[in-house]
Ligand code: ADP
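A lone chain, given as structure tokens: the form predicted on its own.
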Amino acid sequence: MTMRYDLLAHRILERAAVQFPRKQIITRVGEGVHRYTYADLFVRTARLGNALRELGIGAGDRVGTFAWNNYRHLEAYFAPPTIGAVVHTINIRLAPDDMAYIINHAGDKVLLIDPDLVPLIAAIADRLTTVRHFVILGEPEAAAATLPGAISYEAMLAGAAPEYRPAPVDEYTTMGLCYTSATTGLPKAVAYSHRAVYLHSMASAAVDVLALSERDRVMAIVPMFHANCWGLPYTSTLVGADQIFPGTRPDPRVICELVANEGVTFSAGVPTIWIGVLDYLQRSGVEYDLSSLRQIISGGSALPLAVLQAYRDRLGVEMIHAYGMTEAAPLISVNRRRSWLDDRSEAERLNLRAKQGVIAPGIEMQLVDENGAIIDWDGEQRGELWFRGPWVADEYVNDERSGETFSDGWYHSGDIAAIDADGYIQIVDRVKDMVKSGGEWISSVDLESAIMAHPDVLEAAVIAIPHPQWQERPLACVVPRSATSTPLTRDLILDFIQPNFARWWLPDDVVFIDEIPKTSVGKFDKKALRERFESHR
């Protein structure tokens, strides 16, 4: 028998304070930066924990965060769990009704709010039934004339005791809470235990997963309110990597400047971020030294082959597919080429990189058909992905919809995929985004990737629209690049992709729009497109 040693989230911070006290945490603030160390983070986190205790926060209480990616938000990642409470990261881009619902449903007692986001909370403050204190994440003057009785974060910390006093908790105690957007209905809550976050951090850092080390300088573009920022704040702290936070409303220029100025080696975000950065570099003509950037993790939706090629060929940057979801804290798989595939041709390697990779250590998966039968991994047959593992949820919190998604110890992802003989996942589509034409399935993801390979296309989304004969047919919604040499037309797009698909797969029509709407976490919002074009014929 080994000794009992609970895997607790705050032990990640303890390790950083002892092993990596001089490593830096850097946040963009306006046109400048704020810098401090893990030693500073440890002391300020202790003060925040004690301040929260003074506000009446104890075991199991919820502390909500409503903030951008910055060092104060990182302090909030660690302080509530340290005192036995729960940190609840709130999506700042939700509709007001959904914001009010999740704050009340979570039972948040304290809200930590970035100053520029206060108006969003002020607009729903009278509907928040559980919140006792609003704390403004800024200098003392930021709390003035905002919300009634608002508290200054910095003043609160200055008056708090600096002693580090972790609460005695079991590793299965809930330490984090995050809500996932539902296809229909209200958002659903996913709880993370201390043990889940600790194991997720250890697995994520592994060489064949995210391959993070103390030598890295990590910049997460994925928001800290989205699925634990893909676990990067915890994983980076565990290994002692420097962390660079882009601050308020980062745009492609800010991202490029931070990479160049701070020597970022590792970054992560959804495909729309990287498409925007590439477009900015091409349009602006500004030269940035991005040579420090050894890898970019892209997740949230499929990354077009054309974008993978552009980053490799034009910028010399390796882009790596990852796959996960809020219900899995979120990491499921990462695309690392296995040794026996090294002799593949360049074209085969590129196609391999377009897949979502192999599952992380600790995760199990099945591919299941619509009747619940397990499908072989042959790279051809398609089915729904099911997962289980030590950081995968087994239910939604206080939500009767759990039975629709979790059963027999497995999480039903809703993603349709094929898995090849080497274990590489190829996401075909979300169940809700597949086009069913004449009883046959068409993958919107495959069509989108092919369309975005056109040099004059910036973005493309394919949706199903009703058809009187075939039930559904695909419609391509395309955003042209600015200042294209030849105006894009429907026939140009269809002729470009026609060699890759059977004729019945080709979209019935192509519409050109100024922008594809995005969800609150930066993915293409196909629901909005379907509503917009539901009468299109």
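In this text the structure is predicted, and so the values were computed from the model without any measurement. Residue positions are given as counts along the sequence shown, with the first one as 1.
The form predicted in complex with adenosine-5'-diphosphate (ADP) is left out here; the points below concern that form.
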**Complete:** Of 319 to 327, 360 to 368, 151 to 159, 75 to 83, the segment with heavy atoms within 4.5 Å of adenosine-5'-diphosphate (ADP) in the predicted complex is residues 319 to 327
**Request:** Work out which of S181, S213, N351, N261 lies within 4.5 Å of adenosine-5'-diphosphate (ADP) in the predicted complex, going by heavy atoms.
**Result:** S181
**Asked** So which of Q243, S301, S193, T272 gets a non-hydrogen atom within 4.5 Å of adenosine-5'-diphosphate (ADP) in the predicted complex?
**Response** S301
**Any non-hydrogen atom of E459 within 4.5 angstroms of adenosine-5'-diphosphate (ADP) in the predicted complex** = no
**Request:** Considering only heavy atoms, tell me if I427 and adenosine-5'-diphosphate (ADP) come within 4.5 Å of each other in the predicted complex.
**Result:** yes
**Asked** Closest heavy atom of K523 to adenosine-5'-diphosphate (ADP) in the predicted complex, within 4.5 Å or not?
**Response** yes
**Prompt:** Closest heavy atom of D98 to adenosine-5'-diphosphate (ADP) in the predicted complex, within 4.5 Å or not?
**Reply:** no
